[in-house]
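Single chain ahead, by itself, as structure tokens, in the form predicted alone.
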Amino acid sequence: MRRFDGKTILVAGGGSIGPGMGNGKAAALLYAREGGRVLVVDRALEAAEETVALITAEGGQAMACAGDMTDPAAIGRATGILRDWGGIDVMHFNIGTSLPGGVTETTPEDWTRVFDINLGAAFHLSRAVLPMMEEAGRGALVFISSVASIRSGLYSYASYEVSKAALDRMARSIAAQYAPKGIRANVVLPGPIDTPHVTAVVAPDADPKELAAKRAAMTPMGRQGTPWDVAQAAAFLASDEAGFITGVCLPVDGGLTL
């Protein structure tokens, strides 16, 4: 049997911000390849549909849903689909944004925006799916955070670092509260990963080749990770293979945080 045969997975942020493979897209593909039925949610419907097309081309099961997970109405639409499908087994949260600047350079408006997306969306979505998991007596939540939650990097972006640290703590709070109810919550902390998000959001003005070389040099392994590295870690934590693991923050970083 494949790890997710008969299971329903919601991947929030399952599209990609630009051409190529992002962490959410890779995760959605992997869950489907492992037998799961995947609801791909993304703020941009076209991005979600692109991921779904890749899944269905391989014979997998998936549906696209447009929605901003900071909007309760959009969350309601997504969870309505899940209820029609009979519930949810895995919630995979891969939504995030970053803005450059330390505390004094970041405006209050930008600070609030980053927290609304990186933490608020996770909070609202978790509140929506946890009752369904509790009703079923099982479930797994996987939050994609960042090693920026535990160390400083090449750039100063305090709002991103602090919001990701709060995301880690929220996941562990969920893990503690819901462990007796058969529900697990874990976190993946990606290090330097080669995704469209890096060139589109993190460092849009940098030379791509120079940026890639600088990021690769950060890790003891001497390379950037791939979205598949992140997806494989997430799928393990979401699967029954990790049935006795909860509240873990797993670095996927080529040894960066050693």
Ligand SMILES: NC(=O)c1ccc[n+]([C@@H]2O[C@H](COP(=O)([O-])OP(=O)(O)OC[C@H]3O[C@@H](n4cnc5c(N)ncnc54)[C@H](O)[C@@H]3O)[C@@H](O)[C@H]2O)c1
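All residue numbers refer to positions in the sequence shown, first residue = 1. Just so it is clear, the model here is predicted, and its values are computed rather than measured.
Unshown form predicted in complex with this ligand; subsequent notes refer to it.
Participant: Check each of V52, V198, M218, L211 and return the one that places a heavy atom within 4.5 angstroms of this ligand in the predicted complex.
Facilitator: After the contact test, the surviving option is V198.
Participant: Thinking of this ligand in the predicted complex, which stretch from 179-187, 130-138, 76-84, 90-98 has heavy atoms inside 4.5 Å of it?
Facilitator: The contacting stretch here is 90-98.
Participant: So, M63 and this ligand: in the predicted complex, are they within 4.5 Å at any heavy atom pair?
Facilitator: No.
Participant: According to a 4.5 angstroms non-hydrogen atom cut-off, is E34 in contact with this ligand in the predicted complex?
Facilitator: Taking the distances in the predicted complex, the answer for E34 is no, it never comes within 4.5 Å of this ligand.
Participant: When the contact criterion is heavy atoms within 4.5 Å, does S16 count as touching this ligand in the predicted complex?
Facilitator: Yes, S16 is a contact residue.
Participant: Check whether I117 has any heavy atom within 4.5 Å of a heavy atom of this ligand in the predicted complex, and answer yes or no.
Facilitator: Looking in the predicted complex, residue contacts with this ligand include I117, since a heavy atom lies within 4.5 Å.
Participant: Can you list, in sequence order, the residues from 59-78 that come within 4.5 Å of this ligand in the predicted complex, counting heavy atoms only?
Facilitator: Contacts from 59-78: G67, D68, M69, T70.
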